[in-house]
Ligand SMILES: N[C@@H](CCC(=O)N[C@@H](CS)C(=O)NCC(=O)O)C(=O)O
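In the form predicted alone, a lone chain appears below as structure tokens.
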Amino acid sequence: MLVDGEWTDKSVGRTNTRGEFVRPESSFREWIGDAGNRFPAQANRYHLFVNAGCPWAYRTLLYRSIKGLRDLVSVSYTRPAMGKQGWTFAGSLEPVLNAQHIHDVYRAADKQFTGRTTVPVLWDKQQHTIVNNESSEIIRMFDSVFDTFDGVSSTRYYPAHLAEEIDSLNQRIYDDVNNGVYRCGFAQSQEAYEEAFDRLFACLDELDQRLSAQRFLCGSEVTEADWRLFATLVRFDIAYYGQFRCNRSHLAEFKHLWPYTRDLYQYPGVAETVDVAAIKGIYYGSRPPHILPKGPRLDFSAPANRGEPHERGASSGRRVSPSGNHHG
């Protein structure tokens, strides 16, 4: 983390007195909006700093792909494994800021920043600052703010008619699955670990049963709730089962969650965002003895048999003006 703009690699407490893992709040929480907003939606203005193995950063990469934002939002990747100065960029220097580490990005936005320097980071190249570093808010932005640009999918994964159901699912899945695997892996007491473990698998069992009667979590439509769950499920057997002691059941042992995961993986634009080497790198390469596992064998491309093949959402057909501003 940074303390008054200075890097420290001293151990930072992340558990409470019961030994439970506690995730800190994100620091930058502004939004991309319309033309009158401080951060208007413009082509080639925004940039993502990410780690491809991190499930939180992965959400933003996933949305960048499935929404068709690759030509609008640029990206820089860190090395898979965390080093002594946190996340370090692949190659020599990162090209947008000539940064070597993620903490350089935070310092560029605030020279006196104090806090953990996490990914993802959504950066404004014009104002030279961080817009947002909360993954759930970045994907909510990506779901709609660029929809009037040429080539962007008009599919909305947070439709108004399902918003209440999605929000309810998101909260349960975050508490017990997305963050639940971390509560297992980072627990510092037997009691805290077993409580997190039991809640994790109780939730997965419920979701497995839910998917026995419908293709996706909210019915026939893929929604934000599915993508937030997918980010954890696609990493489950690769990392969480072994490294985080989430070892009651492999994902492949769930009758419905396993084909559901393959179904989402085969959605247009998804497969190319899943970097198994980066996932192994972040979870195993960041911890001594830095040995990456050869397995497991997982075939995400095997037929899911959960309905008709997916079709990519249609583009809105509207174009970007020469100035970079979009017009409704």
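This one's a predicted model, so the numbers in the text were calculated from it and none came from an experiment. Throughout, we count residues from 1 along the sequence that is shown.
We do not show the form predicted in complex with this ligand, though everything after this point is about it.
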For this session: Indicate whether this ligand has at least one heavy atom within 4.5 Å of a heavy atom of Gly68 in the model of the complex.
Result: no
For this session: Flag Glu134 as yes or no: does it have a non-hydrogen atom within 4.5 angstroms of any non-hydrogen atom of this ligand in the model of the complex?
Result: yes
Exercise. Heavy atom to heavy atom, is Phe236 within 4.5 Å of this ligand in the model of the complex?
Worked result: no
For this session: May I ask you to state whether Val119 is within 4.5 Å of this ligand in the model of the complex, using heavy atom distances?
Result: yes
Exercise. Even though this ligand is not shown here, does it sit in the model of the complex so that Met82, Tyr182 and Ile282 each have a heavy atom within 4.5 Å?
Worked result: yes
For this session: Let me know the one among Phe142, Trp123, Phe149, Trp87 whose heavy atoms come within 4.5 Å of this ligand in the model of the complex, would you?
Result: Trp87
For this session: Would you kindly say which of Leu264, Leu62, Ile32, Cys54 lies with a heavy atom within 4.5 Å of this ligand in the model of the complex?
Result: Cys54
For this session: Work out which of the listed stretches, 293-301, 42-50, 264-272, 22-30, brings a heavy atom within 4.5 angstroms of this ligand in the model of the complex.
Result: 22-30
